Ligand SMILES: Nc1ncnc2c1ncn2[C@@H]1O[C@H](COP(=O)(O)OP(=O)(O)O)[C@@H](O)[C@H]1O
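Quick heads-up: it's one chain on its own, the form predicted alone, in structure tokens.
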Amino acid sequence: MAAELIRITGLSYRYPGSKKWALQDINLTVAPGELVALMGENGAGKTTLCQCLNGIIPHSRGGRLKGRVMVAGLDTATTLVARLALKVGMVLEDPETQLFTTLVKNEVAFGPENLGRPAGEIRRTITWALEVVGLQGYEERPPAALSGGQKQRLAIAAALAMQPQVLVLDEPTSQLDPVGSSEVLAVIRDLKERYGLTIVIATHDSETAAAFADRVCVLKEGRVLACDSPRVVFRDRELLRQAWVRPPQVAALADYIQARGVDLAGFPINLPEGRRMVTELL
């Protein structure tokens, strides 16, 4: 197995007509099967970095790019987006902007059909992708009739139908209600734990990063301030303050308790760990 599936070296990027660098000297590697969360305030560069992974930047956006982005052995600056789509699946923030066919099954089939894959293979792909995201039985429904969470899961299924090695999720739950968010997060957990998919997710949700991420990369003004385990990142109060990143509620509670002189065996960052902390303190 390769030591890394994504390698970003000295990446800087500036949008057309802008004098400000949206990304500045980014160096990052992502191993196969790893889930990396990108965090930071609005304008930190999360979406820009996501779009560099599938070639939208620079091919569709233009601008000036320095450095190199390698994904699955392909240089994204010199590889066509259509070819990169076979390696990198992209799911955007708003599910409404990603769905354009009349039926759920057609949405999932669109990518494989454009690749000219056999009809039998496409049918099997539709069945598999919809089962992965929990939408089996919805094949004949129009996407417009789905809930927000179901639409986002359908967008994930359409990306999975291309059988990518990397799935990039740009704020996939930010426009969903709690139920829809839970549905999408359950799919992300399954993709990581059951299928070992490599995932890069841009998110403002510290709870999501604490629950799923192997590493959290904190961005500010296009630079990476830190990239480490969630436990290391979420206990660094100065880092979070500087980047305007809210800590998970469990981590904030642990920090509050420690500040009042109570020794904790560890530093909890997610709900199961928080429950154990409270049990031990009682």
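Quick note: we count residues from 1 along the sequence shown, nothing fancier. On a predicted model such as this, the values are computed, not experimentally measured, just so you know.
Same protein, other form: the form predicted in complex with the ligand, not shown, and the subject of what follows.
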Please pick, from 250, 44, 35, 26, the one residue with any non-hydrogen atom lying within 4.5 angstroms of the ligand in the model of the complex. 44
Among 63 to 71, 250 to 258, 47 to 55, 229 to 237, the stretch whose residues bring a heavy atom within 4.5 Å of the ligand in the model of the complex is 47 to 55
Taking heavy atoms and a 4.5 Å cut-off, does residue 267 contact the ligand in the model of the complex? no
Only counting heavy atoms and a 4.5 Å limit, does any residue of 6 to 28 reach the ligand in the model of the complex, and if so which ones? 15, 20, 22
